Structure formats: structure tokens, C-alpha cells
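Given next, in C-alpha cells, is a single chain: the form predicted alone.
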């Protein structure tokens, strides 16, 4: 099982990257009023057949050729359901995939959220050719980070150039910290 929900962000986004997605939208939502944390991933990758959609959230189902064990989605589903949350996966061949999971915020078995800013930063830095739209909702507050906008602003520089990547890390850390009132919960 993943130690933190931010580990799931890295793992599930990697599925989208493996599916040749050029745009991945990741939404993290924390709602104290609803007693929920939600993670939602939407991509424009190659999508899955209806048969694969039916089995992909079961343990040991994978499309990988190098390793025959697929546990990311099954662990996400199991964790969501055991914390009183939900899990939904939809996909269409040639269109993309959407995975959404919610977790009981105060459930004793819910893993901590973890370092979401570092997860987002890692995805950007290690996948500079992929565009990401990160939406972080914390109660009534919202932060969005769109690499497409950053790319337009910094051309001809690249996202993985040191001065740009340093700014990205600082911006993600600062804005997410501000959502939490200066501290993470």
C-alpha cells in the first residue's frame, strides 16, 4: 500500500504517461465540511478497452511488458473504499482515462496526504514534454498550475532548466502552503 496519497499521485500519473498522454489534469480536493479528500486524474492518453476497464482495478492486472504486477490502481481503490470513500474509473480507446478516488478525511486508515507540491514538481521535472494542469482545492480556496501557460511565458526556455524548475518548485510549495494557512494537515 502507498504510504501517502502523494505517492498515489505519482503512481497514477505514471499510468497516464505510459498511455502516451500529452495532457494530464490532476485535481486534489480537501473538504473538511464534506469530510473528504479526493484525487482525480484525467488524461488524453490512448485509453482502455471496456474489457481492460473492468479488470484494471483488480490486483496483478497490468499492460506493462517489463513487470507483470499492477498494484497502483488496486491499492488506490482499496484504500479509498476502506476509508469510506469511493472509486471510479472510466476510459475510452483513443480518448483517454479518468480515475477518481475519495477518502474519508478523518478515517483512521486514511494515509496522510503527504507532500503534494513535491509530487507535482517531480512529475513536471521528469516529464518535461507532458503538460500538466494541477488543481488544488482546499475547502473554499483554489490553486491552479498549468504548464501550458508557463511554457508560453518562458519560451524558448524549457521547464526542466534550473532557473525555471527552481521557480516551479518554489511556486508550488508557496501556493499550496498558503491554501493550508501556512501549514499542511
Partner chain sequence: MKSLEELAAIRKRMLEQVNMRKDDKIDTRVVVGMCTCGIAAGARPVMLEFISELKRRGLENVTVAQTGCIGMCRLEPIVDVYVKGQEKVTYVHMTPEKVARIVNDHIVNGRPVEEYTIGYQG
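As the structure is a computational prediction, the values presented were derived from the model and not from experiment. Numbering follows the first chain given and starts at 1.
One more form of this protein, predicted in complex with its partner chain, exists but is not displayed; see below.
- Not displayed here, its partner chain is kept clear of residue 176 by more than 4.5 Å at the level of heavy atoms in the model of the complex.
- In the model of the complex, residue 48 stays away from its partner chain, with no heavy atom inside 4.5 Å.
- Residue contact check for residue 150: one or more of its heavy atoms lie within 4.5 Å of its partner chain in the model of the complex.
- In the model of the complex, its partner chain sits beyond 4.5 Å of every heavy atom of residue 58.
- Heavy atoms of every residue among 6, 121 and 166 are located within 4.5 Å of its partner chain in the model of the complex.
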